[in-house]
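Only one chain comes next, encoded as structure tokens, the form predicted on its own.
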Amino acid sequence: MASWKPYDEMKVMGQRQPRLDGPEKVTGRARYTYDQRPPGMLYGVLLTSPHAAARVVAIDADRARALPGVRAVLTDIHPTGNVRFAGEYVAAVAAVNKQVALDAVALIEVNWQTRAHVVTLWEAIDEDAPRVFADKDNVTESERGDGDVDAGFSQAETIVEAEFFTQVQTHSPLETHGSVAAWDGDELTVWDSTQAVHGVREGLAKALEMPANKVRVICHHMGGGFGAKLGPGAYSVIAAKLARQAGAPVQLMLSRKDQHLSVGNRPDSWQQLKLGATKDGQFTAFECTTWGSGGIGGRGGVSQPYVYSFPAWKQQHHDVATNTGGARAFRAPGRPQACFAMEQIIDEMAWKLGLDPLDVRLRNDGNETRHEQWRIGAERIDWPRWRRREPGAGAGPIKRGVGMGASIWFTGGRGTKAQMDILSDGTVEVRCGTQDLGTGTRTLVAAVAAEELGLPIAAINARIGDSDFPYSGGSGGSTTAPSVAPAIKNTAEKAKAELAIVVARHLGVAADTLSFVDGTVRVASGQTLSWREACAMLGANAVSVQGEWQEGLSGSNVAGCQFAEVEVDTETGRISVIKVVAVADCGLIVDRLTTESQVNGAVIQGISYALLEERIMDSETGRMVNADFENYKVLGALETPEIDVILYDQPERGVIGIGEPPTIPTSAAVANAVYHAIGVRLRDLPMTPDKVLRALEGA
């Protein structure tokens, strides 16, 4: 089984390496999908449905086709003509510039036959509600559990019951979804803002009924992706069809409004929880009834019970269909919703019993690693001092408090392949068909290769984001690092071995007497060559090898916890997060700087979910009324608190992903801190000022 060198011997991995593409990005040289401009490129615009439920009776696009500058019009892009949410794609236009395309779309006349709709979970679960799908009910029930729940509750000395609500959170990366498509004969090249260049290639080939080897997908840089960019979007297929009809490349980037409506979201949830415990805080049973709406796409699951184990538990879940855009993967699907409710009801139980909330968690979790993480976080937030303060205590309108939450994540990695070339001038190029969605994957690839070859990271030309490169899976589920790092190491090992054979032959020594250290090739006898001198021995030949993922170099299952300190103004209802302590484990750290960056970003996104983000639907029109960044609020620099990141090193476990876990417990930790500050619990996300004031008034 493959293994890494001892952690304390590593010179590149585990250090704080600045991103290799940082200078390109800060100087504007990095070319995103939006920046691609193939010669003769046209601009695509979508016509979307203004109705939440309707049938397209007829489309008249003659006036659009006649508009000067229009090169292509598609009116058959909807598979059935039965529209199920406002924002669904109905037609598309490609023109010489964006304004002409917008004008053309406005000229398309659609004859609609509207139907009744439901756009909120509460409406959809009503027995008399209009059906989203004619052939099935709006609500699908499922049940799972373990143990005798009734017996567990009969043993409980205290029972806590509560309801919790979380909102729909839309995908809001700074770079919207979109594609640039260009045909060369029967071959298609697509620049796509994607988390899966190979996945988009396969999806496009299937949708366009063409061989996958005739499709190339490129994503050199992208402006963020949190799960919704894991596969081809309908816009990618539409861009390719427009380009084929027009005989010219077409760029189709979604508007911010289309982004909010059509590419996916984190589902909402309604959770009824019941927790039983003995007087010393030992859990005896857990039961919950949950609802969640993934719009027309299903997948409104809530992952209860979360983190903690119970002697007996049961969940009855209801997946609810609504006339809204479908859910798609969103950084730890189902977990932030579950964590928000679970951590609060545990907190509520602890306070009701007069016990330390941290002690209750320690009592009910047997994972020693997590115990150590909790102790580290508690020390950094000064938990014992805060614990002495009763909820809502303190004079004056400004109240402070602390709270905590925990997370767990399960997935590992596999399947990636890579190729490496070493040339006689010392150039090292490694190619891998993974992609960098903003996490630093390009730097990770270079760091692993540099460590294995004994070179500085700047000596590695890391090329990614192209489906012509060896296969790698999508960047989702925190699988990228544990999939890619082992493949790069294996490839570099093979390349190093090939180079060693050549050098050893020239020196008349055995290849196993050579070592690659600090940019040199050293012989056991004491002779030393520079890297370039060693590579010069290749002559006209080059080392070119392929490698793949290896067992033993990566792991799965990570834990983490967060402590939040908040300030609440009881006169205005404003919540300010002052500090977040985030303890995270991710096995062997490849680049400490980008790992810390991942945790920072996850916490920021978690606070945004806790306090600001919410899709607001108008039940009468069936439309989202805040589909822009003026009214859909996301956390900015001025609201971002101090974030104290502690990485819990476990190099013996191999490389493990860190993308999902750190965003899961943030909203729960903030909610528990708000309760500690004001003595009133908020069970409804986002925790906006009006909800704070209503809760205080109700108390």
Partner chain sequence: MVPFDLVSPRNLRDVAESLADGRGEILAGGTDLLDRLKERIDPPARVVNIKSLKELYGITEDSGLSLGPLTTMTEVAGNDRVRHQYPALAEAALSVATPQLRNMATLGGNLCQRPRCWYFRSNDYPCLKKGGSVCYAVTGRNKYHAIFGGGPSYIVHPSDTAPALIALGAQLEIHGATGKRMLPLHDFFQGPRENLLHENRLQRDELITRVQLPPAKESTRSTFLKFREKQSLDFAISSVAVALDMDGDTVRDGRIVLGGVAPVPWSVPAAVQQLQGRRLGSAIDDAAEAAVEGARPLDENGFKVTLTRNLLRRALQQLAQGKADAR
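As the structure is a prediction and not an experimental result, all values here were calculated from the model. Numbering follows the first chain given and starts at 1.
Below: the form predicted in complex with its partner chain, not depicted.
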**Complete:** Counting only non-hydrogen atoms, the one stretch of 535 to 543, 613 to 621, 488 to 496, 179 to 187 within 4.5 angstroms of its partner chain in the model of the complex is 613 to 621
**Item:** Selected contact from D103, D258, D466, E348, since only one has a non-hydrogen atom within 4.5 angstroms of its partner chain in the model of the complex
**Value:** D103
**Single option in V625, L208, A212, V139 placed near its partner chain in the model of the complex, where near means a heavy atom within 4.5 Å** = V625
**Request:** Mark E697 yes when one of its heavy atoms lies within 4.5 Å of a heavy atom of its partner chain in the model of the complex, and no otherwise.
**Result:** yes
**Asked** According to a 4.5 angstroms non-hydrogen atom cut-off, is E9 in contact with its partner chain in the model of the complex?
**Response** no
**Asked** L693: heavy atom within 4.5 Å of its partner chain in the model of the complex?
**Response** yes
**Asked** Does the 4.5 Å heavy atom contact test between F629 and its partner chain in the model of the complex come out positive?
**Response** yes
**Item:** Members of 638 to 666 lying within 4.5 angstroms of its partner chain, judged by heavy atom, in the model of the complex
**Value:** L638, E639
